[in-house]
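Quick setup: one chain, the form predicted on its own, written in structure tokens, and binding and motion questions come after.
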Amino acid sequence: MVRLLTWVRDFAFLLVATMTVLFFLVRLAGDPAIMLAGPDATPAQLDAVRHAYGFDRGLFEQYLIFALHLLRLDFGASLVDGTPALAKVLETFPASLYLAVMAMGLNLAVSIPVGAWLGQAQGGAARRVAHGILSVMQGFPGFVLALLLVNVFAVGLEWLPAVGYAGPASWVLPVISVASFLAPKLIRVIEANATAAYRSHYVRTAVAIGAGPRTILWRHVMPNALLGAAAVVGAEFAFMVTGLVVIETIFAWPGIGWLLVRSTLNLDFPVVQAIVFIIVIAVFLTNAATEAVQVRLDPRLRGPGAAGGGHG
């Protein structure tokens, strides 16, 4: 109960602080009346637009109105098409969530076995080659790989569509692009944790009593290695679920990042504020879930008096 109350308090503070800062920042981006009325609008037309949308009121008064509406989850209507801002964001969020889930699934499917292999490997040419590839991938921007994949598989070979959200064929390139960007870091974390686990006393004890390499790896080493990597997985998932702006833009993926770019360029304040609201909730819930999983798997994180010791 204490942990739950702490989470609620932290979430409330984070939400209020973020939305307050955002409110004042977006109003420094420009005058939305010009975007709404057009560049050729007369001063009288601009004044009429500002009055219609309340932009002619004092900044503090606008903030109070915004805060009262926020309590009712009312972000107003999009300045572009007049649809409710929050509904517009919620329509695009599942696409970002779906991309995040698929990319994380591929990330884990690759990172766990590769990290486990590197953690138990002792030198060798294959290990050096793998480390070289990981170093290149870590320094390779994700959007560059995405563009290369589009040029090769969509433009050159014409095997896969370059853009869209129509079906499995259109999911392949975005998912590979995202997973390839995330996998190197997770692989290195799993490798480091596995290497440390192999040097631990409980693994040496398992070897002494005759446990086989497979048993040692999957029963003693990997549970501890994955526990240490849980925070990385949570951070990566939070990063993806909040919108992969560049990747979604390259592939015209109709997610929250793609919508954020369009709304920012159009100075669509209500939609931008609704997007950040959803992002704050998604990040907080992801971090809370990650912490809960870590506490569940490792009793040492529960505080004084909790059971200690690693997996053995």
Partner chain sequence: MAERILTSGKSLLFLIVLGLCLLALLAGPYLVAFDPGLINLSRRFAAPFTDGHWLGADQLGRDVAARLLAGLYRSLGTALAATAIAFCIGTALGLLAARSTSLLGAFMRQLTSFTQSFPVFVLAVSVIAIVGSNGFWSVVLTLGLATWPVFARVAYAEGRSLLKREYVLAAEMMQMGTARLLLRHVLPGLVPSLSVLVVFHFADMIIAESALSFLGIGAPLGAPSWGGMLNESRAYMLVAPWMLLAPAGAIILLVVSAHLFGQKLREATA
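Numbering follows the first chain given and starts at 1. Worth saying up front: this structure is predicted, and the values here are computed from it rather than measured.
The discussion below concerns the form predicted together with the partner chain, not included here.
Engineer: In the predicted complex, does residue 49 have a heavy atom within 4.5 Å of the partner chain?
Structural biologist: No - in the predicted complex, heavy atoms of residue 49 and the partner chain never come within 4.5 Å of each other.
Engineer: Answer yes if any heavy atom of residue 296 is within 4.5 Å of a heavy atom of the partner chain in the predicted complex; otherwise answer no.
Structural biologist: So residue 296 does not count as contacting the partner chain.
Engineer: Taking heavy atoms only, is residue 242 within 4.5 angstroms of the partner chain in the predicted complex?
Structural biologist: Yes, residue 242 sits close enough to the partner chain in the predicted complex that at least one of its heavy atoms falls within 4.5 Å.
Engineer: Does the partner chain come within 4.5 Å of any heavy atom of residue 144 in the predicted complex?
Structural biologist: Output for residue 144 is yes: heavy atoms within 4.5 Å of the partner chain.
Engineer: If contact means a heavy atom within 4.5 Å, which one of 74-82, 212-220, 199-207, 129-137 is the stretch that engages the partner chain in the predicted complex?
Structural biologist: Looking at the partner contacts, the answer comes out as 129-137.
Engineer: Kindly confirm or deny that 10, 151 and 260 each have some heavy atom within 4.5 angstroms of the partner chain in the predicted complex.
Structural biologist: Each of the three qualifies.
Engineer: Answer with one of 125, 155, 87, 109: the residue that has a non-hydrogen atom within 4.5 Å of the partner chain in the predicted complex.
Structural biologist: Of the listed residues, the single hit is 155.
Engineer: Suppose contact means any heavy atom within 4.5 Å; which members of 247-273 contact the partner chain in the predicted complex?
Structural biologist: Residues within 4.5 Å: 249, 250, 260, 261, 264, 265, 267, 272.
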